[in-house]
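The chain below stands alone, shown as structure tokens; this is the form predicted on its own.
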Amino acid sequence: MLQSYKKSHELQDQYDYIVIGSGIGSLAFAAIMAKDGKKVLVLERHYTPGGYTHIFKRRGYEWDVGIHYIGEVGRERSLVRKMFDYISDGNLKWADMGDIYDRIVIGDEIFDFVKGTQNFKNQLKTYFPAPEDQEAIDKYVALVIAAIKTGQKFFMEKALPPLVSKIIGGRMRKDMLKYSRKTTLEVLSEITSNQKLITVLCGQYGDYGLPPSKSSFIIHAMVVRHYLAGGFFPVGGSSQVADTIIPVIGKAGGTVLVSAEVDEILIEKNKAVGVKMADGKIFKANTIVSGAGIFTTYNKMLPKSVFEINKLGNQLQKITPSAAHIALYIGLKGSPEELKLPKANYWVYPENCNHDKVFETYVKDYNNEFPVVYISFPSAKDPDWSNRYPGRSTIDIISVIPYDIFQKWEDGRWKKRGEDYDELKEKLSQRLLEALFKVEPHLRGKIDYYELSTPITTRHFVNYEKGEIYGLDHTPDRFEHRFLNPRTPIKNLWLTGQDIVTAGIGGALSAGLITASAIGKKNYIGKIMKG
């Protein structure tokens, strides 16, 4: 049954834009267009909006499923901050995580990542005092910053009309391609031969899901640069992202529906004209924008004949889904202060870690050590938490896992997949808990509740076919594909979200802006930055 989110609107049969999915890319696009006077309808198949920004509640706790920290919002003039301010009418507030945003744990050693570019370098140099290592750290940070400066032209080229792109697109793309065509390991190996330093510098690779020899250096640089000015968390929790943007869409006359699953995008003469819902209802629009991901959009929502005529299979063969993941959601009795929970995240790795080797060993047999375990303390990051949940705290623990381990249960019912499935979940949960107790041993015996999410949970709720967390793999090849842009071969069907830019909320947020600019043929970035 279709449900309006928080505010009732009279549904119309015809819209300017229908947006499929309510992730941050979709919501950003919808807010920009609604504020520009367009009639927008957002359709979300889940019972709660927000995509990976949504939260869920259980047993008197709430957990964020995708937002664990955000960078760049501490600078009021940054594009990320200006974008969030624009699409939320300034109502989305941010809490600073403090001086240390990430702690890289390798065996028994801990390496703190400290906010501020110079502070970041200075702290790293205390761990690596050799002159050649200090020189390498300076070169590394300079290279990260240089690489990022090439990205704006590369991504804004995606918004250009095809004819203009044909003329100047190559020049706009070429500088970033110099960085994206190399792997992270290739670039770092040119800077230093110190393997431990490389391991530490790659300590955030879980933020994009590929170890150094597989990932493009540009995605590594984007993640590192994103957090150099520190980490931040939404005041009031991750739900505030959707809860502050959706009223902006509504105030401008747009509508967001939940429990609203699109069954098919309606195509007439290779032109998108509307959508048919799972309950048979039809909505029409001048333009359809999908934020559901390129695989889901093409494989699940288009008629087979349209898929074949446009040879969309040729595109999908060139890209791969990103890593699948498991997430353990933990509830504890006691406030974050009482439990001494940190605000900084942990990235936990095996002793003598070589990221690529431990990743490869784990993929062959998931009983081997986790190649990476990420631990986040959202209740400690949110200054409003204790107002909502006094005397309680939460922790999120995440790791990668091969999807095929869970494939035999993918058609089972949620919460009713059998004893074997539950036993596997419990085994993995205990392993993740041990990673927590390694870095915060005083929490042993303090756990009140825990629940594991698997790749088929992600498949069920977020509609990613392989339970992927970051859309598409960020390999060097990914950035070569010109079809990863808002336009599709089908007239009036457009894409948005992390698949057309990069992983994470920053990438998806930018995608909403790029798609709006491409469709509206306006300089929305200039308008937003002037605000």
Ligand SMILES: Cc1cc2nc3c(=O)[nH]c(=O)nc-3n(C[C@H](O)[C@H](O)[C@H](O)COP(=O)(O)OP(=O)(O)OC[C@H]3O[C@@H](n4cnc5c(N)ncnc54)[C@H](O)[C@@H]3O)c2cc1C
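The numbering used is simple: start at 1 and walk along the sequence shown. Quick caveat, the model's predicted, so the values are computed rather than measured.
Omitted here: the form predicted in complex with the ligand. The next part is about that form.
**Q** From the candidate stretches 432-440, 189-197, 116-124, 289-297, select the single one in contact with the ligand in the predicted bound form, where contact means a heavy atom within 4.5 Å.
**A** Partner-contacting stretch among the options: 289-297.
**Q** If we define contact as a non-hydrogen atom of the residue within 4.5 angstroms of the partner, is Gly504 a contact of the ligand in the predicted bound form?
**A** Yes, Gly504 lies within 4.5 Å of the ligand in the predicted bound form.
**Q** Is Gln498 part of the interface with the ligand in the predicted bound form - any heavy atom within 4.5 Å?
**A** Gln498 belongs to the contact set for the ligand.
**Q** Should His325 be counted as a contact of the ligand in the predicted bound form, where contact means heavy atoms within 4.5 Å?
**A** Yes - in the predicted bound form, heavy atoms of His325 and the ligand come within 4.5 Å of each other.
**Q** Within 4.5 Å, heavy atoms only: does Glu451 come near the ligand in the predicted bound form?
**A** Outside the cut-off, so no.
**Q** Only counting heavy atoms and a 4.5 Å limit, does any residue of 339-370 reach the ligand in the predicted bound form, and if so which ones?
**A** None of them.
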